[in-house]
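Next comes just one chain, in structure tokens: the form predicted on its own.
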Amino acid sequence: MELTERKKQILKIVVESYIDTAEPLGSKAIAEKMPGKISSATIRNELADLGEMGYLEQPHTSAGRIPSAKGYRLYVNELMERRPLSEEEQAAINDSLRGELRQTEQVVARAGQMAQSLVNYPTYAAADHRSAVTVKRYELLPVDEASFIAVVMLSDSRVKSQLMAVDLPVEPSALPAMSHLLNTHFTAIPAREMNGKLMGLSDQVVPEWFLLLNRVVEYAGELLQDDSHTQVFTSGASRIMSFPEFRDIDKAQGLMHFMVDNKEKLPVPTTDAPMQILIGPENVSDALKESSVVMASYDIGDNMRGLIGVVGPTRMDYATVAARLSYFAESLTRMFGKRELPAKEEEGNP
């Protein structure tokens, strides 16, 4: 069965009407929205075809049609018109981002909160490394006979340090040699390999050296382990209850609990595309099978990527969410990279 342009036009009308009203649409109402004169009987035939093809569903025998997950997917991929942001929307986004940048973690959490106010759907935010972080260099600095400072430079250019006390005195003149030992054996490897490397050196160095090396390697391993866990921040989960699809309190609470208690399982982009949309059953987690997720990525720098996700019913206003989220993510990338906001979008630009 061929998916004609008229069928696509009817599907577009049904999707956009359902997004606006959350009510099924009948043939008579569709005919009124179609250009030209098309009979209700013709519309009913087309609706029946779209139903057989899996793009529409009929909740009840006498009811109109609503989109299926397959119908939403076709709409997002082919039929959805790009929605340009108004100057007021651009200004609101830019204003929300003004101010000093502090720690990345704080900015990521705040970005999720700001996105929630822009799209009026529950959101989540996270940051992760595009590649595994390792130690790039060690340096041990003397303080006194009983302590030293361990400086650890990570492969993403961050530098961490910690004051360490030692039980056995170590001559300050020995620290450069131990730094060399650390840089020779404990750089550019994952945390899980560090202990084995350390055990391999146990019979090659004197006890006081081994104890010191153990302290530094343990500290470096903790830094790498912390980076291996992506922290996720959620905002506005309770907004789920404002949508007609989630009037069932158990259904609403199930999704809310998932966003709060299992937020680490929320989707992350599987490609380098700046935006990705998952509709209904396309989501891996059962808790999201009746929801849609729109994700946008932005560049934090230092080989790190930020993520903002929007969770809502499959009846989500994809065009508006995609437009606002895309502009917001672009603004964050520009802000992290150049400390400036993107230029205003000119009318008529695609």
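Everything numeric in this text was worked out from a predicted model, so none of it was measured. When you see a residue number, it is the position in the sequence shown, counting from 1.
Same protein, other form: the form predicted together with the DNA, not shown, and the subject of what follows.
Of the heavy atoms in Leu47, some are within 4.5 Å of the DNA in the predicted bound form. Although the partner is absent here, Arg324 lies well away from the DNA in the predicted bound form, with no heavy atom inside 4.5 Å. By the criterion of a heavy atom within 4.5 Å, Asn303 is excluded from the residues contacting the DNA in the predicted bound form.
Residue contact check for Pro313: none of its heavy atoms lie within 4.5 Å of the DNA in the predicted bound form. None of 24-32, 316-324, 280-288, 303-311 except one has non-hydrogen atoms within 4.5 angstroms of the DNA in the predicted bound form; the exception is 24-32. Residues Lys37, Ile38, Ser39, Ala41, Thr42, Arg44, Asn45, Leu47 of 31-47 are found to place at least one heavy atom within 4.5 Å of the DNA in the predicted bound form.
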